[in-house]
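Just one chain is shown here, as structure tokens, and it is the form predicted on its own.
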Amino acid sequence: MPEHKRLALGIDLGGTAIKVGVVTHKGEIIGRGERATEVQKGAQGVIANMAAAARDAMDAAGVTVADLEGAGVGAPGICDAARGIVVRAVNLDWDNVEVAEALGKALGLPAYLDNDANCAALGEQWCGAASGSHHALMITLGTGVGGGLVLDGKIYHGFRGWSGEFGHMPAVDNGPACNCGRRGCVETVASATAMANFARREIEAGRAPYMAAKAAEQGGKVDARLVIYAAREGDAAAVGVLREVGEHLGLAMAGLVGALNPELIVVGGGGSHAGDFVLEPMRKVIREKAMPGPADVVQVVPAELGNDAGLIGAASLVWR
């Protein structure tokens, strides 16, 4: 049993895996648990798996429910944080699931809920790249583009809790089709998926022999990891792909910089591993396109907490 500390559970609910940590009031993870999500079991089955993963984390930390102040959950999709409900999560096939109430009963703890990207933003603002900042945007570059707005030190949820959908701002008129049903959304041109799509375009056009050769070595698979690796190796085509993604992202953020005057833009998710190959063109476009003043003071920085950002931010819901 560790010394008495203020502790909470942080739960990162994903479409394939549930990750849980016992988190201290300083943002330290002292025990972990993980279970498969098993979407096919339905909402109650998934919540049972969340509770089981939470117990695994408690066992790893050497604590019991009596040592905890509560549990926070970061869930995908549209969430009603005030009521603890997942309104709609496509990859879970959920509609209006009362997660906080059900999980709280299963664990015997107060439970809280927010969108997973919001939780990542809270984690970075609490003890990551945005620590000490009260005005920050968090962008996650993955299959799509997610995000969260920290304004005056709090997550801004908007009228119905749908704020932070940076990935579905318009970016290219009549651009690539997006999963939301529109065309040319930011995530179609500025996500990890976009990196792979742009790389395939270059390979098919015969302009990327190095990436073509590397893709052939892995059975023809082209993904963001390949592009980032090739860029680090000095491949001009890969560097150009990442520059294109960074420029699209910078143009999308330029409007928000003028509208919201953030101190920081924190970039996380798998696509952020491209580092300055994406961040430098993003910074350049913001300086050129955003309103002078806000553009001069905003900093674009990489996230620091990696895959733990959402889990740590979810735990912070207990104290917020």
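The numbering used is simple: start at 1 and walk along the sequence shown. Everything numeric in this text was worked out from a predicted model, so none of it was measured.
This next part talks about the form predicted together with a further copy of the same chain, which is not shown.
Contact check for 158, 165 and 293: all three have a heavy atom within 4.5 Å of a further copy of the same chain in the predicted bound form. Listed stretches are 120-128, 217-225, 246-254, 93-101; the contact stretch with a further copy of the same chain in the predicted bound form is 246-254, by a heavy atom cutoff of 4.5 Å. Heavy atoms of residue 108 never reach within 4.5 Å of a further copy of the same chain in the predicted bound form, leaving it off the interface. Interface membership of residue 259, defined by any non-hydrogen atom within 4.5 Å of a further copy of the same chain in the predicted bound form, is confirmed.
The shortest heavy atom separation between residue 135 and a further copy of the same chain in the predicted bound form is within 4.5 Å. Residue contact with a further copy of the same chain in the predicted bound form: residue 87 places no heavy atom within 4.5 Å of it. For the options 81, 151, 239, 212, the one in contact with a further copy of the same chain in the predicted bound form, meaning a heavy atom within 4.5 Å, is 151. Taking a 4.5 Å heavy atom cutoff to a further copy of the same chain in the predicted bound form, the contact residue among 34, 59, 28, 288 is 288. In the predicted bound form, a further copy of the same chain lies beyond 4.5 angstroms of every heavy atom of every residue of 52-78.
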